[in-house]
Every structure is written in C-alpha cells, then in structure tokens.
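Let's start with one chain on its own, the form predicted alone, as structure tokens.
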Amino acid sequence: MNNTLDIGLPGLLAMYVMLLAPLAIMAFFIRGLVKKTVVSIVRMSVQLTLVGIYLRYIFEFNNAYVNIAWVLVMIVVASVNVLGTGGLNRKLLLSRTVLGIGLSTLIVLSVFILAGVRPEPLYDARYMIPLGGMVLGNCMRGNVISLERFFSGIRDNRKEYMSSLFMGATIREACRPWLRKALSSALTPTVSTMATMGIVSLPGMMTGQILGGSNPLTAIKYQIAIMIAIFVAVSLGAWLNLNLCMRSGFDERGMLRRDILR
C-alpha cells in the first residue's frame, strides 16, 4: 500500500514561487546565470513530467527488452552530457565514454539486482530503472570531474608533462600525476557524502522509501547498498574512462591533441 501523501498543484506552485528569491539574488550579483537557471528549471520540469508519464506505462508493461533498452538510452545520454559538460571533444571520446560508463553501470547494477534485491522478475522495471538511474547519475558526475580535470591538468602543465616524456617516460607514466588527481577529485565528493550520511543529511532514497511507508530499517539497508553501488560505479567508471580516453587524447608523439578540449 502506498502511504505517500500527494503534492497538489497549489503546493507545487508554492515551490516554484520560492525560486523568485534565488533568481533575484542572481539578477543582482550574477546576471548571466539567470537565463541559464530558468532554462534548466523549465527543462527539468518538462523532462521529469514526460519521464513520469513514460515510467507509469513502462512499469505496467514491464518488458525485459524495453527495460534494458531504456537503461542503455540513459547510458548514451549520460555519456553525451559528460563530454558536453566537461568541454571535451565528443567525436573523439564518445564511444570510449559510453563503453566506460556503460560497463561500470551495468556491472554494478547487475550485482545489485542479482545478489541484493533479487526481484521477481529480475528485470522488474520498478527496480532496474530507478536503481540504474541513481547509479548512473552519480557515475556521470564523477566522470565529468575526472575527465575534465585530467585533460585540463595536462594542458595547463604542458611543460612538466613534456619534461617527463623527454626523460624517457611513457605516456601513461608521464600522465600518472594528473591521473591520480583526476581520480581523487572524482571520488572525494562521494567519500565525503558517505562520511556524513545519517548525521548531517538524510539521503533521498531512504527518505523516499520512508515517505512511501517502508520500514526504516529496510530503507536504511537499501541506502547502504546504493551508496556502496554508487561508490563502486564512480570508481570503476572514472578509472575505465580515463584509461580508455587516454588512448584518443594524445597523438603518436605523445602530445595532447589540440582539439581534445573545446
């Protein structure tokens, strides 16, 4: 039984009215961000509404092929967004980014479903799509940070990188300092979130389940499992993507390609 109280149209409109405060602050201090924020809010509202309508029917249909196809579409869209947000060349890196994010997400999601939740059927859309979305969303943010920090770090420290190559280092050896920094930057937000979870913040998944009438202990177990899954996916995805994209980011002489960063 679903015990979640619905949010009526007046209540939702009240939430939109609250946006006037931050928009007013932006208009005074950072005017250039107002338009971008409004566009983002409109896009979010439209996209979530359409997805909500779509998921209502996909949950009822609950077909294995449709569910898997939807997860794959999410992976491709996330990969495009990673490269666009990070200012990276999509033509050079898209296939490798899809592979890196796709492998990490599918491996973690498969273990979560097969060993953790074990729904009937295993491809149940109510579990596969929301869990995949949470893992993929965090993996996407980690990959934006890791790829952008890695390639911009090489570009901004070109002399140091070239000195390592001239001294006989391979491309991988010369890139190692920025590889470490990129991985650290990608993982630090998740590590910090886990360290304060339950004390500083109540995570969204747990709160949603409790509002939906779940036993708090059941909600906590789900939250622990999803945080472990997110951390593994971010770690694996960032590492895979950096290693895969490294192959396309440099020419045969070991020079960073000029068109890698837009």
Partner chain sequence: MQYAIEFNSASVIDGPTVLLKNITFSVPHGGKALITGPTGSGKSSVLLALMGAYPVVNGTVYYDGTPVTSETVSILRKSIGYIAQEPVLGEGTVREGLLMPFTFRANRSRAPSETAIHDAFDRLQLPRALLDRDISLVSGGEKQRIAIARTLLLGKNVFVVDEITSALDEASNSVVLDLFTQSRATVLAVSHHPRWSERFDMRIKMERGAVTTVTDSRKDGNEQYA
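Please read all numbers here as calculations on a predicted model, not as lab measurements. Numbering follows the first chain given and starts at 1.
This protein has a second form, the form predicted together with the partner chain, left out of what is shown; the following refers to that one.
Chemist: In the predicted bound form, is there a heavy atom of the partner chain that lies within 4.5 Å of any heavy atom of Lys91, even though the partner is absent here?
Modeler: Judged by the heavy-atom cut-off of 4.5 Å, Lys91 is well away from the partner chain in the predicted bound form.
Chemist: Looking at the partner-bound form in the predicted bound form, is Met162 within 4.5 Å of the partner chain by any heavy atom?
Modeler: Yes, Met162 is a contact residue.
Chemist: Just checking whether Asp156 would be counted as a contact of the partner chain in the predicted bound form - the rule being heavy atoms within 4.5 angstroms.
Modeler: No, Asp156 sits far enough from the partner chain in the predicted bound form that none of its heavy atoms falls within 4.5 Å.
Chemist: Is the gap between Arg258 and the partner chain in the predicted bound form 4.5 Å or less for some heavy atom pair?
Modeler: Looking in the predicted bound form, residue contacts with the partner chain include Arg258, since a heavy atom lies within 4.5 Å.
Chemist: Heavy atom within 4.5 Å of the partner chain in the predicted bound form: which of Ala169, Val191, Leu114, Val80?
Modeler: Only one listed residue qualifies here, and that residue is Ala169.
Chemist: Work out which of the listed stretches, 120-128, 176-184, 133-141, 81-89, brings a heavy atom within 4.5 angstroms of the partner chain in the predicted bound form.
Modeler: Only one stretch qualifies here: 176-184.
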